[in-house]
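There is one chain below, alone, in structure tokens, taken in the form predicted alone.
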Amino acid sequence: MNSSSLQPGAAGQPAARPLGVLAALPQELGDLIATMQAESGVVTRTLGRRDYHLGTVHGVPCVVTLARVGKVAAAATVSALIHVFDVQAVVFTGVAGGVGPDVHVGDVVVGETLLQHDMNAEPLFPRHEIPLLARSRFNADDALADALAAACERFVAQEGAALAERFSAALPRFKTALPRVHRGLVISGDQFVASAAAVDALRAALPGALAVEMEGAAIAQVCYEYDLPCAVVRTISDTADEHASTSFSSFLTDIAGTYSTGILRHFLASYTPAGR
């Protein structure tokens, strides 16, 4: 344990190790940092050109930061959370493109398994396999994924109808529907997928994939290598086709923060820090 990350707890005992909460872009964190400021105040440390915000949110000690975009940036951020801040687990929130045939804009996907779709060291290793790890898929922590999924279900039950109206107004080309929560395979790569042909190729190679994004599987790999629990939740902002850039931008600006704020509020309100 990194002793520099500890703060005194009750009766002089160390406080619970913090939970790492991160997203790629500011909008994907919702009002988390503002809530932390109001609840406990915020201590900010800057490392590697990233700001790490320490405090308590909904009663949970957290380190909140931006992973930035892409697998390398995300992996570097999680490494700092592990080595400098001694987090007990990592939760990533953000938006993604929907690639599953039943996954629609406004839905939420909780990653149970994560894979890098652009990893290909053939013929030395099988496609998608991470060299020297002998695996291509990394599992989210079951308990964290269950808790996130339950938080998503509560959020959608309370606010789904209003959200459907909002994203229908912001993105009129999409049919209004109540958001749904999915669980399964999330795939990651260092590219913004924005064509029907690319989606078809991903579906052919990985028919179980529900969502495509740019950070989750890298985070899951680092957490696997350090035996750290992690979970990933993604709100579907687009369908990764030719309309993806417009849909993504509108969703990110108008709606993404509402999802992250609501989901994280429900999740953190029921989260019990381990290792007190």
Ligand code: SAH
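What you are looking at is a predicted structure, and each value in this text was computed from that prediction instead of being measured. Quick note: we count residues from 1 along the sequence shown, nothing fancier.
There is also a form predicted together with ligand SAH; it is not shown, and the following applies to it.
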Check your understanding: Of Leu210, Ala217, Cys230, Ala240, which one comes within 4.5 Å of ligand SAH in the model of the complex, counting heavy atoms only?
Key -> Ala240
Review point. Which listed residue (Leu144, Val103, Val193, Ala73) meets the criterion of a heavy atom within 4.5 Å of ligand SAH in the model of the complex?
Key: Val193
Check your understanding: What stretch, of 43-51, 57-65, 247-255, 218-226, brings heavy atoms to within 4.5 Å of ligand SAH in the model of the complex?
Key -> 247-255
Review point. Though only this chain appears here, would Ala96 touch ligand SAH in the model of the complex if you measure heavy atom gaps against 4.5 Å?
Key: yes
Point to revise | Any non-hydrogen atom of Leu25 within 4.5 angstroms of ligand SAH in the model of the complex | key: yes
Study note, to complete from the structure: When ligand SAH is considered in the model of the complex, the residues of 55-90 having a heavy atom within 4.5 Å of it are Val69
